[in-house]
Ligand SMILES: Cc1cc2nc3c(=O)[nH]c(=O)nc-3n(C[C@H](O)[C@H](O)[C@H](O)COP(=O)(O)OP(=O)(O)OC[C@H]3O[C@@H](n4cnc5c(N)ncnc54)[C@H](O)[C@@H]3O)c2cc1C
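Only one chain comes next, encoded as structure tokens, the form predicted on its own.
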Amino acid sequence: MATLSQPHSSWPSVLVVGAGPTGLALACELHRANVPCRVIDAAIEHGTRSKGIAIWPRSLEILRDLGVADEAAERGLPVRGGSLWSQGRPLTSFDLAGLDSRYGWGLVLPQPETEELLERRLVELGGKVEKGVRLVQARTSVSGLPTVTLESADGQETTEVDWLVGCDGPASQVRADAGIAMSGELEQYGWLLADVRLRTGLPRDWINWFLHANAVLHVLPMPGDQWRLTMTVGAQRPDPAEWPMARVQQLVTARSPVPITLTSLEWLSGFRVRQGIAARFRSGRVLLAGDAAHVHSPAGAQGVNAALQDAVNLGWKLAKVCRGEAPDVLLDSYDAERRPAASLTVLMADRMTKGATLSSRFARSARDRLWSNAGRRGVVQRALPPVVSGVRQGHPAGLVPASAPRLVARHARGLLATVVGRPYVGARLPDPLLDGSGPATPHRLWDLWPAGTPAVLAWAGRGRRWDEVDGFTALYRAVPRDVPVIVFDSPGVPADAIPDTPAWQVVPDYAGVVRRSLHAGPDTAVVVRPDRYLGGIGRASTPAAIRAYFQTVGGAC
């Protein structure tokens, strides 16, 4: 990996506003690429409670690449699946065990602990969070750069930065000062969120959604001996003072067919959600991520997960631009890729909430039959885990700007490829087990090269050697010298020889697991982006797609 031992003092300055999971993960990505950034947060300390506690498998993969997943798993509570109930009857269930991921489970971890782990990792990488520092105003100077006024206990300062990233939540000051509109609507229901201790026969590795008339109750186990209850409670934002434990118990008893007895009420919060999405995620040198860019209902528990996806997508691109390896037009792809994905998350959360709170008895009956039949036919198990977990989410818009019709065509191709189970440019790279996996050898595909760097995966043509004109010579010339290239030795397409360079290696794939996961054949070459998504698919002997990727983004991160 081509990195510098110390950040370059002349590289552009980056200010990240907000030290929640989004801002911290983004800062870690930048520092890992030796790009310095300044992180500020108005709060003095992390909060003690939070709404975001569910971390799905794709997010665990991100945390693993950042180096904090193992400790997160030790602190958190694994969740292996969930069940949907209606009117006191079970409709369907799903489990996460069959996912194409090393994480066949989700994790329940309170957001303050996620933040603590990420902040500690940021310090290890040479960064820090400036706490108690508030953004007062951001404006664009005559030079075209963001000028920010910051306030702390030491007074005010005004400074110019090259890049300003708003990770400052739903009421984002960065978004407001940049004049970026936030479309959306106030959800029609008030929500009550309660952390409780209770007695129940419900398993502690399972989520349950209880639908009841035009209301819903989510029951989620938490680390230790607590549980998180999330429920709709009318059309207004509920006042926690009006909800003693006896009243919460009454509501839970009415909605859950499984006996649940509350023994203590540890924390209670009432809220309404103004679902929406920013009109754009980039405006010149201002970028938005996380809740500053999109907000949705708690249905599906996607908040922290969507935020981490923003951070990992933006992080490597901003690092490339700051290092001078790619033009800043690359950052347009952040909006092109993440805004449609976030829009879909907002839409799905909205549809899930509305579908769970139907008032019509006929509509509820039709919904229940649909879920029940889909569950019996295996449709729920095949479709729901990849979507909920995030492993199915892709970015078909790609890195190269395109006209609206061309973008529509890319999304259509991506959707079709997803339905038929084939890879496409912008899809997440599969992570299958490798031949001969064991304690002393890499376990999965992603283990073959360092996190945060690109890689090229290739298969030889039948009977071809790399030093022949139609062998690996063209691929060798197309790939920067510091980028890892893994050539898979498969039956019928042996890797007879590879270039004599440390960046190239031969890996056995005799069972064809990797080849099948990518639908690869002889002479296939695939480039993997630093965020583990496919950046190009082509041929090793004529690697135009691979060359185009590196011409767009430069060499290794």
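Here the structure is a predicted model, which is why all the values come from computation and not from measurement. Residues carry their position along the shown sequence, with the first being 1.
Here the subject shifts to the form predicted in complex with the ligand, a form of this protein not shown in this document.
Annotation: in the predicted complex, residues 20, 133 and 173 each come within 4.5 Å of the ligand through at least one heavy atom. Only one of 499 to 507, 38 to 46, 528 to 536, 58 to 66 lies within 4.5 Å of the ligand in the predicted complex by heavy atoms, and it is 38 to 46. For the options 87, 269, 188, 253, the one in contact with the ligand in the predicted complex, meaning a heavy atom within 4.5 Å, is 269. Residue 304 is the only one of 456, 322, 219, 304 with a heavy atom lying within 4.5 Å of the ligand in the predicted complex. Among heavy atoms of residue 82, none comes within 4.5 Å of the ligand in the predicted complex. The shortest heavy atom separation between residue 275 and the ligand in the predicted complex exceeds 4.5 Å. When contacts are judged by a 4.5 Å heavy atom cut-off, residue 72 does not count as touching the ligand in the predicted complex. Contact check for residue 115: a heavy atom falls within 4.5 Å of the ligand in the predicted complex. Contacts of stretch 56 to 94 with the ligand in the predicted complex, defined by any heavy atom lying within 4.5 Å, are made by none of its residues.
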